[in-house]
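Just the one chain here, laid out as structure tokens, in the form predicted on its own.
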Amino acid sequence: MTTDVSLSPALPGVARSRTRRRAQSASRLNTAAGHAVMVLLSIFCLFPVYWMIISSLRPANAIFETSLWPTAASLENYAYALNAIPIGAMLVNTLVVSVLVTVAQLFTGLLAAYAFARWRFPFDKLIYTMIALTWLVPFQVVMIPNYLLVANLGLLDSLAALILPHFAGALAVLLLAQAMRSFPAEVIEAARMDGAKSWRVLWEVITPNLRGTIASLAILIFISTWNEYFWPLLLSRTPENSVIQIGIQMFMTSEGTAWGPLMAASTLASLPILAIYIVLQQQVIQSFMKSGIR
């Protein structure tokens, strides 16, 4: 009985210590497993980009080698690609179209979202639902009517034709309307009491506070427009008025595919997107995290 009484107070402390050690051990294992999975996923995502770059450095007679580094690296494919198509002009065209489409969709999206979020007007819910439904319709379905409209306007083989059908986007309206509906009404009322009109409330109160949502939306629109292929393929007639995605496709002919120059052009086409991501990396991560939490 004496022994039991002296040991009994120590037993709960020993048990808690063992439980704590087991929990710490399990936490370390989970962290290590999570890091291992993220490393594997990173390799899985980055390897195609790495293979594109090293393939662009291989000579034509070694393009299908499976080594992780070319045995005789050279820039011949880049020189060939730059001489074969006007890559510089195509990159400038792609950048102009992507920037203008992004700015246009953000501008029209902010105006439409502000109207749907702050006012009630006849058939507002019906109009909002119809805009949402247009997001579910693939662009290929309306491609022919848009083509006929652009052709009647005499805009074939021009950058304006690439921008006009994307001047407004349903995704921008939906995301911005959702963000504005969750914006504190007290802040807007305080701005109105200070004498601010609707236009000033939108651009000086709401828009600066939606930087994260606007930044993530701008990145999505820019990348989507940069990678657009079918619409420019339908409208473009000359390389000088086309975009880089059409230039890459020019290395695929009925006589065969010039894989080396194609990989070189693809690498050059990826550089602006990579540069934008490096510059805005922190903003991109924060904006997507905030959007996911919301």
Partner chain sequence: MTAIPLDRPAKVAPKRAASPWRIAPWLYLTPAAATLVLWIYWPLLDALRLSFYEWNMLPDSPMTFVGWQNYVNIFALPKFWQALRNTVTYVIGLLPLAVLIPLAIAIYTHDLPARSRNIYRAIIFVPMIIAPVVAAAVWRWLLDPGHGMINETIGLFGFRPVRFLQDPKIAIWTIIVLTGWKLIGFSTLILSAANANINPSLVEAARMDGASRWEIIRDIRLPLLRSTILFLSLMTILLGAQWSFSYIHVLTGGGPLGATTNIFYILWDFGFSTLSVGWSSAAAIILFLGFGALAFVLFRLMDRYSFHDN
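Computed from a predicted structure; not experimentally measured. Residue numbers count along the first chain shown, from 1. Superpose the two forms; the largest set of C-alphas matching within 1.5 Å is the rigid core.
If you look for the form predicted together with the partner chain, you will not find it shown, but the lines that follow are about it.
Proximity to the partner chain in the predicted complex holds for all of Phe139, Glu189 and Ala269, with the criterion being a heavy atom within 4.5 Å. Note that among 71-79, 94-102, 162-170, 210-218, the stretch whose heavy atoms approach the partner chain to within 4.5 Å in the predicted complex is 162-170. Heavy atoms of Gln245 reach within 4.5 Å of the partner chain in the predicted complex, making it an interface residue. The partner chain is not shown here, but in the predicted complex it comes within 4.5 Å of a heavy atom of Ile285. In the predicted complex, at least one heavy atom of Leu262 sits within 4.5 Å of a heavy atom of the partner chain.
Heavy atoms of Ile273 reach within 4.5 Å of the partner chain in the predicted complex, making it an interface residue. Contact residues in stretch 120-158 (any heavy atom within 4.5 Å of the partner chain, taken in the predicted complex) are Arg120, Phe121, Pro122, Phe123, Ile127, Met130, Ile131, Leu133, Thr134, Trp135, Leu136, Val137, Pro138, Phe139, Gln140, Val141, Val142, Met143, Ile144, Pro145, Asn146, Tyr147, Leu148, Leu149, Val150. Core-superposed comparison between the shown form and the other one: the CA of Leu233 stays below a 2 Å shift. In a rigid-core overlay of the protein, Thr253 has its C-alpha displaced by under 2 Å between the shown form and the other one.
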